[in-house]
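Take a look at this single chain in structure tokens; it is the form predicted on its own.
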Amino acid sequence: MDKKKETKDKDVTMGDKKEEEVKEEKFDPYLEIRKQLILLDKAVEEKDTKACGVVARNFKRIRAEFSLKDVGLIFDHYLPELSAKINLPKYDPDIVKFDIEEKLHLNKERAAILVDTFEAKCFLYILLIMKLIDERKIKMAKEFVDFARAQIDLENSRTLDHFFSKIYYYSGFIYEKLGELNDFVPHFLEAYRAACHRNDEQTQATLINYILRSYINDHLYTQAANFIEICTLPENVSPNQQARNLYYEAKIQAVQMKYPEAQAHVIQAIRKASEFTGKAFRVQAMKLRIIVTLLMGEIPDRNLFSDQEMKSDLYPYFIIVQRVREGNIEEFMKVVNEHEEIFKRNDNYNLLIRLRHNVIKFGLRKINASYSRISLSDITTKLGLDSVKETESIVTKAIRDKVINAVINREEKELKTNEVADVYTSNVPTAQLDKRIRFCMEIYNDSVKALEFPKKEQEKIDFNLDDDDEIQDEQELVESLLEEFEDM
């Protein structure tokens, strides 16, 4: 027993030591930039496009640690000629109390070697564009992104694909902020043709989504639908780009009254979207899903509104669902008018107005289930309609469309409900089962497409390594690259 206690105590002390070591290691963004540039140089030398993609995905962590003055310092050190041409805020030389070369972990000669490749320059260009956006210097960001785009249009290398897509992404973001996205669409179309010739799938996906976004913002849904028919999104792109594309397709299909397709696409978009970032996108997609579900004549699941992160944003839509379920047209229109500004801001107002017929349908179904016989005048008051004549025509159409199973007695001006047959004698259960099977098969096919298999020379690698060993191997690789660079 004593030995067991001793081993447990040792494990606890070892765990504490590891935690202390992790806490002591502070993230140095300047050293991280140096590491990323060294890895990028190695990837370019070996023409490793995947490694370049990994470096391009590391901006988020570095971006949060830098100010615009820090980026100005980096440009002074790595790209002094370009830095002299742009007016970036910089540290006052009289106040600076640190050695710049020591802070950036290399001298200017070695820095010039690191940024010799165009990929390294693009890395620094994107970092500057990000910080200009963060500091809300949008006009300055526009000037620099135009310069960066003019530079990349002269290059043609597969190791630049991820950097191309990021620069075009921020171009679209900046032009949209300035309200000039529509004017920039011809440039996007031209860039898309060039990306197709280069077989640059990452840039193709970015440009397709921004072109669709521009068409939707200007309510050019027919042009957007025609563009989707001509251009298909490449398969091997990031889940974020796939999610955006599915959402835009769902929006276009909802406007064109293709509600089943729109519902399938918006559900896929929500599933592919990141759970930890992009809250605004998930909220917008969820709003569209709720509206499309209502337009299909169904009531959305209550669990959709239980997410604490989105609860306040979805509250107006929750009230809409309640009013649709009640089937009172007056109460429904009151809620729509009350939150009209929110719905117009979300670009969902025109879709919500279509729900008027669905509100009446839900009300009729409720009445049909509750009463075996009811007068048309009572239906008029319950649904909040204008006249008995209007009610009669609406009920007649609902019977013809098989919304309700009833008969109108025109002499006595009343609605008589027919006996409800057993649902399991109909095709409804079969249709529901078929729908679920197709959904499961789509998930299976997507997961198979997402699988990556090792190359032949890597098949004999032992995959039973712990996560700690993998992290240690990555750190050793970076350290060895740093040592090689210092020996130069």
Partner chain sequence: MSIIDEVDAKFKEYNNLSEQEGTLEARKGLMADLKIALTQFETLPPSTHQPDPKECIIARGIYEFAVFQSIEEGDIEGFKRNYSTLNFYYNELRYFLVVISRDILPESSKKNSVIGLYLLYLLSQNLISEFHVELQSIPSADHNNIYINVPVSLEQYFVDGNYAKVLATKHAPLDVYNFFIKKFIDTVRTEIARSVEVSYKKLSIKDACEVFMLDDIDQLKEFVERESDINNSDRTISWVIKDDYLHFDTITIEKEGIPAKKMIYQVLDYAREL
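Residue numbers count along the first chain shown, from 1. Note that the structure is predicted; figures quoted are calculated from it, not measured.
Keep in mind the form predicted together with the partner chain is missing from the figure; the text below concerns it.
Interface residue among R325, K177, K137, R354, judged by heavy atoms within 4.5 Å of the partner chain in the model of the complex: R354. Checking L246, A195, I360, I129 for any heavy atom within 4.5 Å of the partner chain in the model of the complex turns up a single hit: I360. Annotation: in the model of the complex, residues N303, M310 and R373 none come within 4.5 Å of the partner chain through any heavy atom.
Figure note: of the listed segments 39-47, 53-61, 66-74, 440-448, the one touching the partner chain in the model of the complex, with heavy atoms no more than 4.5 Å away, is 440-448. Interface residue remark: K397 is counted as part of the site for the partner chain in the model of the complex, having a heavy atom within 4.5 Å.
Contact check for Q223: a heavy atom falls within 4.5 Å of the partner chain in the model of the complex. Within 4.5 Å of some heavy atom of the partner chain in the model of the complex lies at least one heavy atom of Y215. In the model of the complex, the partner chain stays beyond 4.5 Å of every heavy atom belonging to E229.
Interface residues of 392-418, taken as those with a heavy atom within 4.5 Å of the partner chain in the model of the complex (partner not displayed): E392, S393, I394, T396, K397, I399, R400, A406, V407, I408, R410, E411, in sequence order.
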